[in-house]
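In structure tokens, one chain follows: the form predicted on its own.
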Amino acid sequence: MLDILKELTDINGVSGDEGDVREYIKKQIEGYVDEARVDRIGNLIAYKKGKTSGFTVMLSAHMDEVGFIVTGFSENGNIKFQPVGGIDERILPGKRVLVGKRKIPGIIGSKPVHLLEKEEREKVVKIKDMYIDIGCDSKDCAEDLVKLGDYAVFFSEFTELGNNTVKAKALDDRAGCAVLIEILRQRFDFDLYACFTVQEEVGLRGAEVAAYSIRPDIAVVIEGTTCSDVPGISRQNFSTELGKGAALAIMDRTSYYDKELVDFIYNTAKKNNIDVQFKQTTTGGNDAGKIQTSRTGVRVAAISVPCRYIHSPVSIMNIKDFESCSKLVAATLKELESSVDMFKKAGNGGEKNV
């Protein structure tokens, strides 16, 4: 599974440009699913028919990553750009990027430090004051290599570090995609939809469309989430900790997770001796935010892999946490086979019996 994760993170797929990621995943799941289709917005939806009908589970992991889009050219050949998704401006100067389908190499530049006034040195450089340098000396040269609207992505190679850790771009959420690929090699009693969604980083758009189409009884989002166990942060303010297992959330900026489903997943982890932790902050969000409010509502939970330095070219993940996430998703689905009645909706409207 780690080989698949490496290959997934090496592929470029900024929000709105997920085609290469989608084609890779289609090849990986071929022969393991009863149906795979691409909807109008670009989601890849894989279906596995259960042994019995009447209960539908949706899994969701997003294919897109944060990046940039080309918005203009300067007369001296530099490229102006804007972010696609949430990116910390502080990390950008000096970062390597690849621009467009031709993967033109470039460097994010800004005004040199030795030319900054004292007050400028004390401020974070804004993206409007940055540019991508691809080595051109004229606007014509740059326009021959890059087109307006081209995407740019961080250049970063998957690397194993230290003790059971890896560094890569796009662990959010190619880690989730790798888990879903592995899950699709199993079959369950209920109908299962594994949704590889698009445009999560710019508004959870793909998940909203997918959930509306599928109408699941419950949904579990597989995600890469923030990890803040670093110097300068007190332990009580940690979001998650590297090496402590898959992370469950109670709520975040976009979702209030179903308590019964979250408890079910947590108890499944304990029953199967799978490392698990709770996310201790309520910031951020994921596909669950749109799935939860689809149609008459969906009971949702998220199982996440903690990642340091998320939304950067150097996200760091513990391999054991990745494996814990995969094991917990599989164990939860197996446990659900004997617990469907507990989660079944009543009637056609989605209400619970009271």
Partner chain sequence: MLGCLDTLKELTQYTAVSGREYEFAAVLKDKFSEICDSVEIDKFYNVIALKKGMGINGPRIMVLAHLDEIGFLVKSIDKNGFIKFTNVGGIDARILLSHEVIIHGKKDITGVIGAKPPHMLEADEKKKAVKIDELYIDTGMDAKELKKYVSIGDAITLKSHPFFLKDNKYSSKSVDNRCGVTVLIETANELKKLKHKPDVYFVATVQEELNLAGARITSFNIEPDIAIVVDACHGDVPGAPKEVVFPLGKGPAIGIGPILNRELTERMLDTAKENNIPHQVDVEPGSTGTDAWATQVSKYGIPTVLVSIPVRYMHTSIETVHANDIKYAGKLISRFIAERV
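Because the structure is a prediction, the values reported are computed rather than measured. Residue numbers count along the first chain shown, from 1.
Missing here is the form predicted in complex with its partner chain; even so, the following discussion is about that form.
Looking at its partner chain in the predicted bound form, residues Val84, Gly149 and Gln199 each place a heavy atom within 4.5 Å of it. In the predicted bound form, its partner chain stays beyond 4.5 Å of every heavy atom belonging to Lys167. Although the partner is absent here, Lys80 sits close enough that one of its heavy atoms falls within 4.5 Å of its partner chain in the predicted bound form. In the predicted bound form, none of the heavy atoms of Gly243 sits within 4.5 Å of a heavy atom of its partner chain. Its partner chain is not shown here, but in the predicted bound form it comes within 4.5 Å of a heavy atom of Arg40. With its partner chain left out of view, the stretch that reaches within 4.5 Å of it through heavy atoms in the predicted bound form is, among 211-219, 103-111, 168-176, 118-126, 211-219. For the residues Phe73, Tyr193, Phe190, Phe154, the 4.5 Å heavy atom test against its partner chain in the predicted bound form is passed only by Phe73. Contact residues in stretch 263-302 (any heavy atom within 4.5 Å of its partner chain, taken in the predicted bound form) are limited to Arg295.
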